[in-house]
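Okay, here we've got a single chain as structure tokens, the form predicted on its own, with questions on binding and movement later.
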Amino acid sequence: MRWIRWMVPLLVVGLLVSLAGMAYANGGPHGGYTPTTDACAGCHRAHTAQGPNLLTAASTYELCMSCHGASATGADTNVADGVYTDRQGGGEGTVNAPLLGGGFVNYQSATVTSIHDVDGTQSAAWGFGVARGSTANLPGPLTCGSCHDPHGSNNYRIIREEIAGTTVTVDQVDESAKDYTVEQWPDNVTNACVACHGAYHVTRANSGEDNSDDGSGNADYGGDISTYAHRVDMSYQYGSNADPETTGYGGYTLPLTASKYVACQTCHLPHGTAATMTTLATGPNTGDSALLRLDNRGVCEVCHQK
């Protein structure tokens, strides 16, 4: 029994060390709390709260912007302008370089033309349990907290482990060398998008050329399986262009995942984009840039190089 007396304290110390390491994985005040943490007070007040859930700000968006906003100093990532600032001296990115997710107000010094509107006013999502081209209401209005868990997550970039009622797994890929300005998406990063836009997640082979149902029920929303769609989560290979990250047309590049898969994020910026659409590229929603990375649907030419 004597060995138990010294083994139990050793295990406790080991657990505490392990939990302490989680603080870095989730970044700053987002996780890795201790019994005497001051992190709770950074966002919550028990008796003087200004917003729901005892927030120190009037809304989730305002709370997040108090650290991640254009003039805020509480975080290195200025998600309003989509730029890395290193205001806290974290050294986890190139100063003034664009962030991986784009921006909510500006991106690359231009006003955004489409965004995921996270101020609590947007309630519907395209392809949320319905066919492509249709919208359905989410469980609640979209906020920063709809996709990210401010208290920490096992997922990449504190992406929630459940989004809109769907269990989500997005692997950590860069926690030992975090860089907010270098594209390094995990292979399953698309899972975060699928939770709300499932009808657009078509993974069957030849889906852009063959509209037959392969029996998988892939993206089967409202009979949508029989329509054509660009395949997602596939290994990239097209002609002589072996990698659009290094041989993109005209000097433009698009990111692939760790294993060179085409993901939603290959073509789209999750937060917002300043791309513009003119003439033929405007589509049915005039001027809508659809979160695309480049002007005028140029993302197609970077890969296909016709």
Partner chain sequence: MTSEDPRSLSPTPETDPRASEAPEPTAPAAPPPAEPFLRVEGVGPQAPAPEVLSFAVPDLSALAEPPADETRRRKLLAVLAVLLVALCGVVYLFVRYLNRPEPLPELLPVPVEVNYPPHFVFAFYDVNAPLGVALSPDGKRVYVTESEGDRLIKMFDTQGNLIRAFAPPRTTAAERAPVYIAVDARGRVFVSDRLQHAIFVFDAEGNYLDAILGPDLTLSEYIAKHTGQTPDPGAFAYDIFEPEVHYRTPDGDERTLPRPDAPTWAPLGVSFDPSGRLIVTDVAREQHRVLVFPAEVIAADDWTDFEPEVFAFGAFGEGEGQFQFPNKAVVDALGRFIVSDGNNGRLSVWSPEGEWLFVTGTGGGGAGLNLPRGLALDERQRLHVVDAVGQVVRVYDFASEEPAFLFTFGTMGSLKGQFNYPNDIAIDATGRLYITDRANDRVQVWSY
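For clarity, every value in this text was computed on a predicted model and none was experimentally measured. Positions refer to the first chain, counted from 1.
Absent from the display: the form predicted in complex with the partner chain. The rest refers to it.
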| Any chance Gly74 has a heavy atom within 4.5 Å of the partner chain in the model of the complex? | yes
| said: Even though the partner isn't displayed, in the model of the complex is Asn78 close enough to the partner chain, meaning a heavy atom within 4.5 Å? | reply: yes
| said: Please tell me whether any heavy atom belonging to Val182 falls inside 4.5 Å of a heavy atom of the partner chain, as the geometry stands in the model of the complex. | reply: no
| query | According to a 4.5 angstroms non-hydrogen atom cut-off, is Arg45 in contact with the partner chain in the model of the complex? | reply | yes
| remark: Answer among 64-72, 258-266, 271-279, 241-249 for heavy atoms within 4.5 Å of the partner chain in the model of the complex: the stretch 64-72
| field | Selected contact from Asn188, Thr85, Ser153, Thr143, since only one has a non-hydrogen atom within 4.5 angstroms of the partner chain in the model of the complex | value | Thr85
| message | Only counting heavy atoms and a 4.5 Å limit, does any residue of 43-60 reach the partner chain in the model of the complex, and if so which ones? | response | Cys43, Arg45, Gln50, Thr56, Ala57, Ser59
